[in-house]
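First, one chain by itself in structure tokens, the form predicted on its own.
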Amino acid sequence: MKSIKKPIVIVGAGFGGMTVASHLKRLNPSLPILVVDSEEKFVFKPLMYEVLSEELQMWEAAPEFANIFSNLGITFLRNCLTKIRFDENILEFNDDLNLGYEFLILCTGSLSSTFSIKGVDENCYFFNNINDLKKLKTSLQKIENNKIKKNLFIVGAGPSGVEIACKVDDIYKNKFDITIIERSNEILSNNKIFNREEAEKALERRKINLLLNSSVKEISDQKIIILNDSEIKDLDQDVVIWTAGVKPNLLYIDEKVKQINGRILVNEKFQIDNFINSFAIGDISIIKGMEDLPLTAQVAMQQGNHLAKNMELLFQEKELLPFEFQDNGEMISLGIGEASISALGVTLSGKLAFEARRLIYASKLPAISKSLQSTASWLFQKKSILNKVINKTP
């Protein structure tokens, strides 16, 4: 058994980092593991839409890292990485803190990409973390008191855009004229057909407008300028929510590290070229030969689980195994109390899908926090739901 003197340092505690840390500790409780993140709380983003609609409380979807990792026997440090000295196995953080590591796992996730479009940063709301959620909710509540119907635009018709549109319409009925702007010719273009069809029905029932084949050119404090069917349109706006894309959250990376489209290139075992004791998973990485993997929590969690097993093989001085992604399907929230699920040949929509979705998400990480367990506690009493979906969903 290989022994290590310095800690395994995991930078980033999203779905990938959380999974690799918890699974690795369970496989080998004696390992010294240090998790570093710049945030204070874990953001269970798939459940943030329910926090917006107050179907869940904030603490249920955003437990504190300190509590999570202390329960696991893992050291947590809140700090911001500024530089990696790969050749020396040294990490540099804020406040002149330097840390040595035996093995490094990078999984810092992604940030919103504005594509350098003028006015996006200054005039849009985002939906990536708790601060974004609070800002958006505060603004919507202020506007809600206005008797005049306001124009709300959502840029991007992926899962986040569609989920926010349905939630906002259900929460603030008849207070907003909601329009989704999408540059392709359909919503949820990378999602399952069943979920796309259910989402189209949900948007139609709520009379949410769609501007397809449209791209944003500029956003001011009162206008959103788009190109639609070769025509420039200048539209009045009161609120714009940006969900159009993401970019890797890499503040610094060594020029010796190979990248593709800003993401760290790794082999099928997640090792970074030229630095085999350093690994990268999740949104910041791209696997050679598997460039089309989606940037989802499901992928990050599977990678985290696989990397934990590979690390244990490494300590046993055995050959590491290549990663293989298993598509377990997908789930999407479609308003208050409704959802759609398409997984492993099973399709489900409506209220039953909504309850099953919450249960599945909460039970995915059963060991990390009592607060996450409580999210699904009332659902565990519904045996009919469990019998139908617990073994057949993503």
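Note that residue numbering begins at 1 and tracks the sequence as displayed. These numbers were taken from a predicted model, which means no experiment stands behind them.
Below, we refer to the form predicted together with a small molecule, which is not included among the displayed structures.
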Check: So which stretch, 195-203, 311-319, 134-142, 73-81, is the one near the small molecule in the predicted bound form (non-hydrogen atoms, 4.5 Å)?
Finding: 73-81
Notebook entry, point to check: Ok, 90, 295, 225, 265: which has a heavy atom sitting within 4.5 Å of the small molecule in the predicted bound form?
Noted result: 295
Notebook entry, point to check: Honest question, do 8, 63 and 279 all end up within 4.5 Å of the small molecule in the predicted bound form by heavy atom distance?
Noted result: no
Next item on the list: Determine whether any heavy atom of residue 103 comes within 4.5 Å of a heavy atom of the small molecule in the predicted bound form, and answer yes or no.
Entry: no
Next item on the list: Give a yes or no for residue 125: in the predicted bound form, does one of its heavy atoms lie within 4.5 Å of a heavy atom belonging to the small molecule?
Entry: no
Margin query: I'd like to know if residue 38 sits close to the small molecule in the predicted bound form, meaning any non-hydrogen atom pair within 4.5 angstroms.
Written below: yes
Margin query: How about residue 361 - does it come within 4.5 Å of the small molecule in the predicted bound form, if we only consider non-hydrogen atoms?
Written below: yes
